[in-house]
Every structure is written in C-alpha cells, then in structure tokens.
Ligand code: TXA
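The data below hold one chain only, encoded as structure tokens and taken in the form predicted alone.
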C-alpha cells in the first residue's frame, strides 16, 4: 500500500489563532492547505480506509467506528490482538448518544469538566457498535480529543472514529509523526503528520459502569480530579494499586486499552530500578558496569526525580530513541508514584519492562 503523508502542523492552536484573529495571509494559506489534507483523509475514513492522526495524548490509527471491516483492518495493520478494545473518538460531546444509551449526571459532569481532553469513559454500548471495536465486550470506550486536526477529521468524516495508538502492537506509543511513519508507512492510507503530542501518554480511562467509577488506566487526570468534578468517589482499579497487570495467563478480555501485561515495550530487554534516589542511581551504575563487563550494551533512562510532566511527555520518545542505539538492555530509574502524573508514568514504565523490577 502506498501511504500518503500530509503535513498538518499548521492546525496547531497557535497557528489557528493567528489565522483567525490576526488574519495573517501566510497563516491563513497554510491552514487552508492543511484543511484540504484533513478533508481528503475524512473521505478515506468514510470510504472504509485507515488514517493515522495526531491527538494531544498520542497519535492514533483510525477507522469508521461503525464499519466493522475497516476496524478489522486496524488490527491487521497493528498486529493487535482482537480482544483488546479500542477507544472511539467523537467530535462533539453530544455525539456520545450514537454509541451508548448510558447518560447520567456524573457522565455529563465529567464531559463538561474534561472534554475535549485526555479522558476516556467506558460506557454501555449500543448494539450498533461493532464487537470488533469493543473487543467483544458490552461496553464502549469514548473520548473527545483536544487537537484541532483530530476534531476536524472526525467531524468531516461524519462518523465516530475508532482509534488505538498508531504503533505496532506492544511497542512504545507514537508521540511524533516520525514514530508513526516508522511503524505504519505502507500499512495505512494516509498519515496526517502534525506536531509532537502535547501530553505524551494515553488518556485516563474511567469505567462509568462500575460503582463507584473505576480508573482502569491512569493518566494525567487523577482519581482526585475526577472525584472533585462529580462530587463523589472515583477509585483506581485494584490491579493498578497492587502493581498488578493483565498477566499472560489471564483468559478474560481486558476491560480497557493498555491493560495487557507487557505493553508499550521497547525492542531491548528492560529493567526498572526502584527505591530511594541515591540507591537507584548507585544500582543503575552497578548493573550497567556489570553488564558492560560481559559485553552487553546498556542504555539508561533516568528522569529528574520530580519531573513528572516532562517524564510523561518524553517517556515514549526516549524509549524509541534508546532503541535506535540497539542496546541489549535498558535500565530505567523509577519515579515516585505518589504523585498522580508519576503514578501514570510508572504504570507505563512497569508495563514496558514487563514488571521486571529490582528494588533497592
């Protein structure tokens, strides 16, 4: 398949603002050109094709959520297990009614507070939503992204778009257009190449069919933030709090994207060192020296101790960059996870390493 790659970086909030308020001719022209690319991509979606596109969290690979054949092409392009549910992206909060009969005051409050943005709600699904989208579950995951190119694509397509991350299944999620091109060129019809993703890790996923609502995948929006919005308790899934995961032995379907045991993984083996900062740094040096003495090339991933936002933004890009060095082992230093963002980053880091941890 020949993949068309279109530059839509002009559809950034900054450029759009310049074009709309300052009416700069150059800005207006490049915005118009980018919109033509998005319109072409929307026609591809409507015709059953696949389009990779930017969101504020990570890049997605999208298809018409109501076209089961198109959705199955996503599984084939990614090499994704068919029991792994996808998130359906909508362009307006009111579009939620196309996907679910489930509307409650809490759902409305969360939508009003955090949409558009990095929040996904798991809801009862309508029968019109293909089982290929939901991984065979009776629920559907829904999100309204905060990225102009994504919103225009969905709106112009005339349908909700089912879109997991635009990477080969299991590998680090893509946060730049270059990551998507590396993984999916030749596997999708169009790649909309936008700016690097502003958030850098996937959305918070909250199961609104549970009582109280349960966060199935942590993100930059924490349980405390969601609880404050609905004025009621929102909890983390017990498996997250126990540091557990969806193990390979588990036969049940995952309730959310990102619940598989090893996920977001680099090509190299990965080890996480956890403990006080000074001990972590000393143990990383010891393990690095020991491995290099036996000829094993080692790469180190270590963020500043409380740079949670930076770590979230850079984590996947750093993993991909380290993989390009072809190490035999990546040793990562754990972040304190008592902060909401730190907890979300550590969720990804532990899954990337397959829970291969050394505690010091």
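Numbering follows the first chain given and starts at 1. What you see is a predicted model; the values in this text were computed from it and never measured.
We do not show the form predicted in complex with the named molecule, though everything after this point is about it.
- With the partner left out here, the named molecule still marks one of 305-313, 31-39, 327-335, 58-66 in the predicted complex; by a 4.5 Å heavy atom cut-off that stretch is 58-66.
- Interface residue remark: residue 234 is not counted as part of the site for the named molecule in the predicted complex, having no heavy atom within 4.5 Å.
- Contact check for residue 194: every heavy atom lies farther than 4.5 Å from the named molecule in the predicted complex.
- Put simply, residue 153 is far from the named molecule in the predicted complex: not one heavy atom of it is within 4.5 Å.
- Among residues of the shown chain, residue 96 is not one whose heavy atoms approach the named molecule to within 4.5 Å in the predicted complex.
- Contact here is defined as any heavy atom lying within 4.5 Å of the named molecule in the predicted complex, and by that definition not a single one of 284, 318 and 322 is a contact residue.
- Though the named molecule is absent from this view, in the predicted complex it lies within 4.5 Å of a heavy atom of just one residue from 220, 141, 190, 226, which is 141.
- Here is the short version: of 129, 268, 216, 271, the single residue with a heavy atom within 4.5 Å of the named molecule in the predicted complex is 216.
- Looking at 202-241, the residues that come within 4.5 Å of the named molecule in the predicted complex, counting any heavy atom, are 202, 203, 205, 216, 217.
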